[in-house]
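What follows is one chain in structure tokens, specifically the form predicted alone.
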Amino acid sequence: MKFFPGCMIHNRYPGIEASLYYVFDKLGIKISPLEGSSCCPAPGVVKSISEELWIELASRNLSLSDEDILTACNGCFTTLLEASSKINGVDVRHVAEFLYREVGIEEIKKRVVKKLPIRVAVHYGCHFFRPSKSKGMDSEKPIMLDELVEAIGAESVSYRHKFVCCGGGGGVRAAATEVANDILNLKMDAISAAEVDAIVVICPLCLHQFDVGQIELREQRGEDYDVPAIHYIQLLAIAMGMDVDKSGLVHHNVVTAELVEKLIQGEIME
């Protein structure tokens, strides 16, 4: 299986990639980099300009592998999956649905060496399960990520606007930052009210929106949000024995000493 990192992971959150390789090594599943890959390209930007170019660039990435392709980004998942369906290419998998469907909740529980008893607000992100038909999802309100976080000892806390966009995708953050932060404000009000330790995402662009957007809301609007966001694969790696420092969490823009301490301590399994 080849891992397609996309742009955001390499450029902003390399801890996601390090965590992914750690987890798959522990699971005994061989993965290797998709050498020579480029931007997927982003579905909400390039596709709106030229669908033909979007498919052509995505198809080039797919042509680099004769194995299944794994991604940890919702946008990359959408682009490569749709391109693959048009050219009858390789299978494209998102790490969250792969872990859930192919590895399974019970197997993940067995591989956990340290439970992480924290309260989290999960955020799926729009491109992970929409459109549900092409993504093979049973519902517009999935429970997959909730079950994945509970498999490592965390509590998935229900909150208002759970399935609302974070505001970061589709070029909104780049082209209309105020609109992006209006949407984020709505999400963060609900998440803060839920009194959680962290926001768990499965997309680096969503992570960036929560991670950078909170700082902007603090500085520009006087909001006091301080809820770290972390990719699920980073959390899983920690639960499977990876040092918190090596997961990359400590290099995020929003990180609290309380969360780091809870993740370091955890609950060691017998």
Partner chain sequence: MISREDIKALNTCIQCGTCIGSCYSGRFTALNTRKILMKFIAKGKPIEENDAIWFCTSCYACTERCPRNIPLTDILLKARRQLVKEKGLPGRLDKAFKALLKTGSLVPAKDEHAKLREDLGLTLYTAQFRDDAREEVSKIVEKHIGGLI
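Model, not experiment: these values are computed from the prediction. Positions refer to the first chain, counted from 1.
Keep in mind that the form predicted in complex with its partner chain is missing from the display, and what follows is about it.
Colleague: Check whether Ile87 has any heavy atom within 4.5 Å of a heavy atom of its partner chain in the model of the complex, and answer yes or no.
Modeller: Although its partner chain is absent here, Ile87 would stay clear of it in the model of the complex, with no heavy atoms inside 4.5 Å.
Colleague: Taking heavy atoms only, is Pro5 within 4.5 angstroms of its partner chain in the model of the complex?
Modeller: The answer is yes: Pro5 has a heavy atom within 4.5 Å of its partner chain.
Colleague: May I ask you to check whether Gly28 falls inside a 4.5 Å heavy atom distance of its partner chain in the model of the complex?
Modeller: Close contact is absent here: in the model of the complex, Gly28 is far from its partner chain, nothing within 4.5 Å, heavy atoms only.
Colleague: Counting only non-hydrogen atoms and a 4.5 angstroms cut-off, does Arg60 reach its partner chain in the model of the complex?
Modeller: Arg60: yes, in contact with its partner chain in the model of the complex.
Colleague: Have a look at 196 to 204, 151 to 159, 134 to 142, 88 to 96 and name the one stretch with heavy atoms inside 4.5 Å of its partner chain in the model of the complex.
Modeller: Flagged stretch: 134 to 142.
Colleague: Using a 4.5 Å heavy atom cut-off, which residue among Ile118, Leu81, Ile108, Ile183 comes into contact with its partner chain in the model of the complex?
Modeller: So the residue touching its partner chain in the model of the complex, by this definition, is Ile183.
Colleague: May I ask you to list the residues of 72 to 89 that have any heavy atom within 4.5 angstroms of its partner chain in the model of the complex, in sequence order?
Modeller: Contacts from 72 to 89: none.
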